[in-house]
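The form predicted alone is given below as one chain in structure tokens.
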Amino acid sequence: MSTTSLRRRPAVKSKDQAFTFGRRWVAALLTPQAISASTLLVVIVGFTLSAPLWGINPDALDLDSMSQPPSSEHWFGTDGLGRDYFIRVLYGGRVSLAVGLLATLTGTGIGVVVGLAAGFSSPWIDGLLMRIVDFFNSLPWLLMVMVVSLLLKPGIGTIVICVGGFSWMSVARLVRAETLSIRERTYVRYAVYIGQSRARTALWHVLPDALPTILVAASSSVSGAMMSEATLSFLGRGIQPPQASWGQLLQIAQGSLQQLPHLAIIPGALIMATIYCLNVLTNVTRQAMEAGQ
């Protein structure tokens, strides 16, 4: 058997695994619960993305229509400054979803790099990286995020850095465990034996086989990132007015819960619905992955 054929074998195997995993995932998506969750998530995302098409300025003040209940003119009513609440909810959803996605990409990216490096390096590097993971896990998450948010200018970038920078440890542990398993497979050992660099072997042979695990970890992190953004905004350290997010809308609405409870109910319900849909799809992905083991 030639060296070329042995080098190609891992790539073919990874493609076959990815195809099989994708087929199982699609089949799992056809269950009633997954269909309903997917449909609801598509509707929520679609509405938030359509915000600019409504032609309404979310920051436009109307002092003659302050704190109005829902009506045909203002579907979700108006806030304390007369701003249309429907359009602010849509724009707030864009921010919350964007923060959840960007923070997840940041945290997952850091976790994958650390996990691959720990699982495919020498024992002392592995031990050092795991001690760093333990150190970050021992930190009081909310307190550290609040401290970092105080040092940086409030905004989307700060929230992404805070949430992503303190949420990568679980991904790193999962990727490390998967890497330790994959590195013992014959084709990976042979790639190292013929002199292929550790970095190239990790990227071309280990990472593709670890993708299902990474996908499950990432999908479960999106809902956590959204909850973190809502928590920071609710505490006043997240998105700052006049820009809106669902968490920031909740924070503002707490001053008028008795008079206008829908100002808190609507963004709160959207946060819960989005997280529910993401959790359902995460379970579907996990079940598809476990079915192939």
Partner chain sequence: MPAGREGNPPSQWSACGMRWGIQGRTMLGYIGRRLAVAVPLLLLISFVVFAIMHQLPYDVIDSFSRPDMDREALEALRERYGLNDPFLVQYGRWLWGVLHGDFGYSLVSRHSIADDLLTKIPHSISLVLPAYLIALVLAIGLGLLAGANRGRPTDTVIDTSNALLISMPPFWFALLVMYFFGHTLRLFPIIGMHSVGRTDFTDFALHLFMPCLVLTVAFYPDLSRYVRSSTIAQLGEDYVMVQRAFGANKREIFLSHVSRHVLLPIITQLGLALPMLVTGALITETIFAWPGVGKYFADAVNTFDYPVVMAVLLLSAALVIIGNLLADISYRLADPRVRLKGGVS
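Worth saying up front: this structure is predicted, and the values here are computed from it rather than measured. Positions refer to the first chain, counted from 1.
From this point on, the text means the form predicted together with the partner chain, which you will not see here.
Among residues of the shown chain, residue 195 is not one whose heavy atoms approach the partner chain to within 4.5 Å in the predicted complex. Proximity of residue 156 to the partner chain in the predicted complex: non-hydrogen atoms within 4.5 Å are absent; the residue sits far from the partner. At least one heavy atom of residue 271 is located within 4.5 Å of the partner chain in the predicted complex. Of the heavy atoms in residue 200, none are within 4.5 Å of the partner chain in the predicted complex. This chain lacks the partner; the member of 41, 34, 264, 51 within 4.5 angstroms of the partner chain in the predicted complex by a non-hydrogen atom is 264. Across the proposed site, 66, 102 and 105 without exception lack any heavy atom within 4.5 Å of the partner chain in the predicted complex. The stretch among 71-79, 88-96, 120-128, 202-210 whose residues place heavy atoms within 4.5 Å of the partner chain in the predicted complex is 120-128. Of all the residues from 129-159, those having a non-hydrogen atom no more than 4.5 Å from the partner chain in the predicted complex are 131, 134, 135, 137, 138, 139, 140, 142, 143, 144, 146, 147, 148, 150, 151.
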